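One chain is shown next in structure tokens, namely the form predicted alone.
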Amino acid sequence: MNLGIVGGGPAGLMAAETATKAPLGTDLSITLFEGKPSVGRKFLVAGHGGLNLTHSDSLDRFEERYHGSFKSGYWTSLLKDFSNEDARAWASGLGIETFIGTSGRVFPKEFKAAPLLRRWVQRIKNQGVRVEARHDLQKITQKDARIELEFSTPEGMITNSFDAVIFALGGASWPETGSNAQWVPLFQQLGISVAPFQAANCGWETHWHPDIIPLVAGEPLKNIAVTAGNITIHGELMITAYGVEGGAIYQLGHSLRSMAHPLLFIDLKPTFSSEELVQKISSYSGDFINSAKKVWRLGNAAHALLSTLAPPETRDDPHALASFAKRLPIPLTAPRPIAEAISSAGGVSFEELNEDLMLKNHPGLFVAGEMIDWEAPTGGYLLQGCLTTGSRAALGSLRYLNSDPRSISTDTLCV
């Protein structure tokens, strides 16, 4: 039997490694195809600032981090197959020690992605996986129980035949790494529903007051809380010429995209109530704005926002100024372009998939990673999601290859 895996990112690599654990006696040939000259390019880019492998959250907290049309409890079931603890054990098996940071995030002690990737690729090759780079998928044909894939290569067009295929071709962010969504027309030709891609984990644009940018462009807003809709996140933001960037707003992307007129509220002093801020500043007279910088211990960026955006009626009223500082509004105009985003929302709809991530109407075709319509914030949840779905798709493909295809569940994952 032949298993093809198309896409050499974390989901595809994990699918390949998991598939090598086929039951004893299984005659299985595994080939992984990658369009770029080498695998794991987005993985390496994501690790430039220190590879965030996973998070130490409990499984029920993990479930809360994922958004999409999947059934409640689905991510918890996925993570029971390959959890955050499994991810740490897997890295340890590659000789990569990990630790939990103060934020709960899990990192390799070296903080680097390259050593892990090198060892990972070598291990799957040692386990018998054939890796074919510079193979760009051009066509998918399903004939009865056989699947034919056509690739463009430096040597010309080639066609390979498989009993099952796992697609892990990524979403639409960072297209230079190969995650360019060029697979979408191929899936649509097969009648597969693909939700439009949108930028996730990205900065958002706004029309700043002209006095703000010269003062604080590139300055961080630290120890703040940001709110969109009914969701509040504590963290940091970075003020940029176009708007705001940073981990706090990444976690609000799903909520912001659901708004007709996206609006962000910033609490500059989340550890104090409005009344406490008033008490701190009431003994000062005159210029409450400048007094606030010292008394409330505001950073440069926070004070610049307060001094340029506070309405005139708040400047002489400590109660009004404190209320404004606790809920400073920033109207947003649009997310940054998807090519800049860390990840994307959209992809193959869950209604197309069964619990093994097999396409219900195309037995033998499986999907993993960011090709599927789910999203999660940075902090280890994205990479964990790719590893977990890669593992589930591989386990599903093994079940498919070792059983009567007619017995495979076609239950939908859609809510």
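Computed from a predicted structure; not experimentally measured. Just count from 1 along the sequence shown to find any residue number.
There is another form of this protein, the form predicted together with a small molecule, and it is not shown here; the text below is about that form.
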Partner-contacting position among His303, Lys280, Lys269, His135 - heavy atom within 4.5 Å of the small molecule in the predicted bound form: His135
Listed residue (Ile30, Leu365, Leu353, Leu382) with a non-hydrogen atom within 4.5 angstroms of the small molecule in the predicted bound form: Leu382
Contact label in the predicted bound form: Trp90 to the small molecule, heavy atom within 4.5 Å: no
The small molecule contact at Arg65 in the predicted bound form, heavy atom, 4.5 Å: no
4.5 Å heavy atom contact, Leu169 and the small molecule in the predicted bound form: yes
Glu375, heavy atom within 4.5 angstroms of the small molecule in the predicted bound form: no
Stretch in contact in the predicted bound form with the small molecule, which is absent here, among 324-332, 339-347, 71-79, 213-221 (heavy atoms within 4.5 Å): 339-347
